[in-house]
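We begin with a single chain expressed as structure tokens, specifically the form predicted alone.
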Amino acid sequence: MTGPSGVGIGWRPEIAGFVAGLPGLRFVEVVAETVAPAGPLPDGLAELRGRGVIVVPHGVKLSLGGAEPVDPARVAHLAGVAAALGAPLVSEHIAFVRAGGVEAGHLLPLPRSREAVAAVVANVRRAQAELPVPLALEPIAALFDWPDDELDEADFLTEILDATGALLLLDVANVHANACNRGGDPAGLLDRLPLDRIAYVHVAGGAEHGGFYHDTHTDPVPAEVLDLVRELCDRRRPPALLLERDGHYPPATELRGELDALAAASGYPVVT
């Protein structure tokens, strides 16, 4: 099954009309938890599928980095959404969102330790055993490092990917945010990641507040993130790149401009 390609956008009900009007669009991403596997697809998604647009379910609640085994019902939901959408793959985060039955309400970072690697690998394998399509893993943005880190980011991610055979969903906005808040060389990280494992790439905006860079998904994509897209494509152009926007939606002309800028940075055709 063919995976996503070119430039895409995160599908949200608030911008469904805008997304439907993009003539060159070939793929979108939808938050998996917003889709009922057995019910009708949200308005607009069925139309996109009918046009041959690939829809990738993006999970936010599996808690693959949690100490507890991943919830089988949540995995079954993600699998059902993938089947309902005819998706070629699904994606989730390397993070935890609950512990001891308490929901954090946020994607929380893991210590980059051998123990954390083992926990993620075990949960990814549990999920993979039930999913009908490949799984891509997304490293998150974080404001801090845990004091018991044993690995750097590149080694941490590579060990997880090698042990599971999972694909990589690389968020270059997260790479930028982590470099701002936690230090490190973002271009150097790109040099050490297994870029051949990338399924697709996230690109999003953010803003500085209180001395930290926040990956808001509600602000324009900064020039530094587009520069990282160019750096990535100079090394190995990924199959697809997706613009994420989760609120404070700008006028259509501004969204088109962001999609066009992403196309120009990556060398892919415009979709607007």
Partner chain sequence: MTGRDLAARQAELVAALVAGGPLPPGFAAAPVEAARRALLRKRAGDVARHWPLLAAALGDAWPATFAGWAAGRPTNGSLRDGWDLARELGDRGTLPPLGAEELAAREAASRYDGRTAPRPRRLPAVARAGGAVAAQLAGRVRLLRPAPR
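Numbering follows the first chain given and starts at 1. Computed from a predicted structure; not experimentally measured.
Absent from the display: the form predicted together with its partner chain. The rest refers to it.
- Although the partner is absent here, Pro111 sits close enough that one of its heavy atoms falls within 4.5 Å of its partner chain in the predicted complex.
- Proximity of Ala67 to its partner chain in the predicted complex falls within the 4.5 Å heavy atom cutoff.
- Its partner chain is not shown here, and in the predicted complex it never comes within 4.5 Å of any heavy atom of Arg51.
- Among residues of the shown chain, His209 is one whose heavy atoms approach its partner chain to within 4.5 Å in the predicted complex.
- Within 4.5 Å of its partner chain in the predicted complex, a heavy atom is found for all three of Gly105, Ala119 and Asp145.
- Of the stretches 25 to 33, 227 to 235, 243 to 251, 39 to 47, only 243 to 251 has residues with a heavy atom within 4.5 Å of its partner chain in the predicted complex.
- This chain appears without its partner; in the predicted complex, the one residue of Glu130, Asp196, Asp191, Glu115 with a heavy atom within 4.5 Å of its partner chain is Glu115.
- Of the residues given (Gly100, Gly86, Gly183, Gly165), Gly100 alone sits with a heavy atom within 4.5 Å of its partner chain in the predicted complex.
- Along 249 to 265, a non-hydrogen atom within 4.5 Å of its partner chain in the predicted complex is carried by no residue at all.
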